Ligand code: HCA
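This document starts with one chain, in the form predicted alone, laid out as structure tokens.
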Amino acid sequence: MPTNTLTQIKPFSIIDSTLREGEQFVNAFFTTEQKVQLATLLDEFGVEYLELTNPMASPQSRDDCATIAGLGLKSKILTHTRCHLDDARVAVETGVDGVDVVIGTSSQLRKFSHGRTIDEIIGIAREVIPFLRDSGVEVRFSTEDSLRSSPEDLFRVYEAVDELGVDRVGVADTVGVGSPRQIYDLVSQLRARVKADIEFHGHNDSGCAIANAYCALEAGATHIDTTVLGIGERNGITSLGGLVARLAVVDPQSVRKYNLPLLRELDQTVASMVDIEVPFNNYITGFCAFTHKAGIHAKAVLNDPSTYEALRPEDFGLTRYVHIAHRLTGWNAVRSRAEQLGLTLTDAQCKDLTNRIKTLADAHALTLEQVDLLLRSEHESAVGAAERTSALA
């Protein structure tokens, strides 16, 4: 079973698929300019690979693939294609660094999609993979709907393509049915059977995409597919920020190779492009991610942030926020806010103000501006009283 640390995990790479899987999100209609902007941002963030839509999908997809392949980015540029020689030839012509071929292996997809047997799938792979290797590109061969495929069929295919010299084999939880235990067991068994690197692509239909990706790494996977905000077909796939958050909790050093403060800009940029809001509870960049409200939480966080924060907001170029305009507030939080505003108040005054805030909040919702006005008023009254006392003396 997986452990709770990353001490056994080898170095990994992120394959960001916002420009491929992300295009399958219902609201996504990326222009060439937007694709270039996202590719540049993701490259600056430091993802090792960018995966683009199959150039056979449309003339514009082909042009965009060639455009981004020609940008000279540090990230390697991949495109995702069917396991078909025609697709492979066009992909190579765009100038990409690698081609990710895929074919369904579950009984459902073999019956209702392409209609081929496992032997026929292996036969097609024996045509496509040598062509790609001879073309000098990196080659990944992935089964589609891996979790609903027969393990015997999967391993037959993986071992066959491994013998052909693919760089990576891919495990795809295409409909998001896998659990962390299932992913760990499958990747562990695959790791014992093939020499190639292992890539994991996990959908989030049942809420396990990030956990599954993490367990894939623990089991020996070397590459994880992500998208910004997790956008993609249906409920999307492993979120880039979510994967980073999971890894940062157990091994901060493992994600320091990335430009972490760019996460916020990436999330906001993609959200704007696909006409959604960054979720309030989004990993790292949601507006509630580093917000503390309950009095007992606020006191502890003010003394030592690690008491209620598994991640350090400053690592991501962010700051924590202690919310005080509510009935749950505590006087330590009120005192901290006064100090932020440069106001001098005694502990007794802070405690009195806390009671007044609670009373007001029980009657109606408060804003931070209203609470700040109370603090300033108390401070000015105290200063005025001190000046009058001094004048009389």
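Numbering starts at 1 and follows the sequence shown. In this text, all values refer to a predicted model and were calculated from it rather than measured experimentally.
The discussion below concerns the form predicted in complex with the ligand, not included here.
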property: 4.5 angstroms heavy atom contact with the ligand in the model of the complex for Arg168; result: no
property: Residue contact check: Val102 to the ligand in the model of the complex, 4.5 Å heavy atom; result: yes
property: The ligand contact in the model of the complex: Thr174, any heavy atom under 4.5 Å; result: yes
property: Partner contact for Ser239 in the model of the complex: the ligand, 4.5 angstroms, heavy atom; result: no
property: Proximity to the ligand in the model of the complex, single hit among Asn282, Ser142, Ser75, Thr227 (heavy atom within 4.5 Å); result: Ser142
property: Contact stretch among 199 to 207, 253 to 261, 127 to 135, 302 to 310 - heavy atom within 4.5 Å of the ligand in the model of the complex; result: 199 to 207
property: Contacts with the ligand in the model of the complex, stretch 78 to 97 (heavy atom within 4.5 Å); result: His80
